[in-house]
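Presented below, as structure tokens, is a lone chain in the form predicted alone.
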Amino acid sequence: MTDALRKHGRGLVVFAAAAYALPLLLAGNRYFAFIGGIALLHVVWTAGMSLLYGYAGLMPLMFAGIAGISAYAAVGLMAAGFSFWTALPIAALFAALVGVGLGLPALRLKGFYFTLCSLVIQTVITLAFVYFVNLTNGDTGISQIAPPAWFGGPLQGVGFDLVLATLAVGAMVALVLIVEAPFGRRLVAVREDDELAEMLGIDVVRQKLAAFFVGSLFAAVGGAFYAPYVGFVSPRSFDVLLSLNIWLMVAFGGRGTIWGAVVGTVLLAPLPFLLQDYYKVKDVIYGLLIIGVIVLLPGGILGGLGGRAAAGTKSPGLRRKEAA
């Protein structure tokens, strides 16, 4: 653990300084501070997606659905009288377990087939959000979600942004510890060649299952915080477009790298807000970015523009897969 933190210590310190400085620097403009808070939430999500897509070789398009289950569960528990801080771990664990249960059949599939199956599961989850009106209020969504209590008052404004900064830093520390542990190295072996990994004695399905559970926890914790931070949840808040955006951030920043997820998040998370006046071309821009990543930057910014040293764990096998 100490070696992992020492290896990435400088990067973690720089990221923590930037994460805590962001809310303070933007404190004078609540709109931009909100965009910064959303970006910090996306760091939590992209850290989980980076573990699954970058290190385990899975591309779960049901990622947003798991976040949504956690968000709705947290809101429901708060409505039932639980405090947010009690509802948070219950909702996150529940959503992660549901995600693993739903995704268990898909984990036996590979590559495109896993992604396609996860897309079907995401569609089912979204339809459940729409049709279980008694729990989710359907398409109307749930508004005016109360902020968490914090030292006798509501947690909001700069205080909430600083909590999100702590959450983002914690997510990156967790990602570093996971990928530098033997578990992370086994995931890389499974990603590179699952048949060879199985011949070497690695239980491939068990490793993927464990990675999916941990990655789902990242999604679920982010979803639980999203609800009170935005104050509103609806089925569209957690549809497949969110999963694609989170995947795009990881792929754009650099798959299989620690800091690629952060780079992609910083560049792409604010875009929906900055382009809200250009909503007619927003989806076109995202489509062009996806094509650009696939064709021009298969390794992402860190992997494709001179960041191979930062990539660290990348092997020739992964680079061959990305180039294919």
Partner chain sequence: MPTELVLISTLFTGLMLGVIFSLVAAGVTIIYGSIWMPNAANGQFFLLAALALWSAAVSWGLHPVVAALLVIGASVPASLLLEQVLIRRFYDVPNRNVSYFVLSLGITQILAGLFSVTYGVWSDQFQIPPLMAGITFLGPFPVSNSRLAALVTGVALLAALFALLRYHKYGRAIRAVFQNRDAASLRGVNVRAIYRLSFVLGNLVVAAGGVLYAFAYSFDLSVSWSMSITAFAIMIIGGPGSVVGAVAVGMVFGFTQAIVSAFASPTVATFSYLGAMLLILLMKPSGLFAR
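Positions refer to the first chain, counted from 1. Source: prediction; values computed, not measured.
From this point on, the text means the form predicted together with its partner chain, which you will not see here.
- Proximity to its partner chain in the model of the complex, defined as a heavy atom within 4.5 Å, holds among L119, V230, I202, L135 only for L119.
- The partner is absent here, but in the model of the complex a heavy atom of L109, alone among L177, L109, I90, V163, sits within 4.5 Å of its partner chain.
- Heavy atoms of S234 never reach within 4.5 Å of its partner chain in the model of the complex, leaving it off the interface.
- Within this chain, P105 lines the site of its partner chain in the model of the complex, having a heavy atom no more than 4.5 Å away.
- Taking the partner from the other structure, its partner chain in the model of the complex has no heavy atom within 4.5 Å of any heavy atom of V100.
- Its partner chain is not drawn, but in the model of the complex it has no heavy atom within 4.5 Å of L267.
- Contact check for K7, A181 and Q207: none of the three has a heavy atom within 4.5 Å of its partner chain in the model of the complex.
- Proximity to its partner chain in the model of the complex, taken as heavy atoms within 4.5 Å, picks out 122-130 from the listed stretches 77-85, 122-130, 217-225, 150-158.
- With contact defined as any non-hydrogen atom lying within 4.5 angstroms of its partner chain in the model of the complex, the stretch 139-169 contains no contacting residue.
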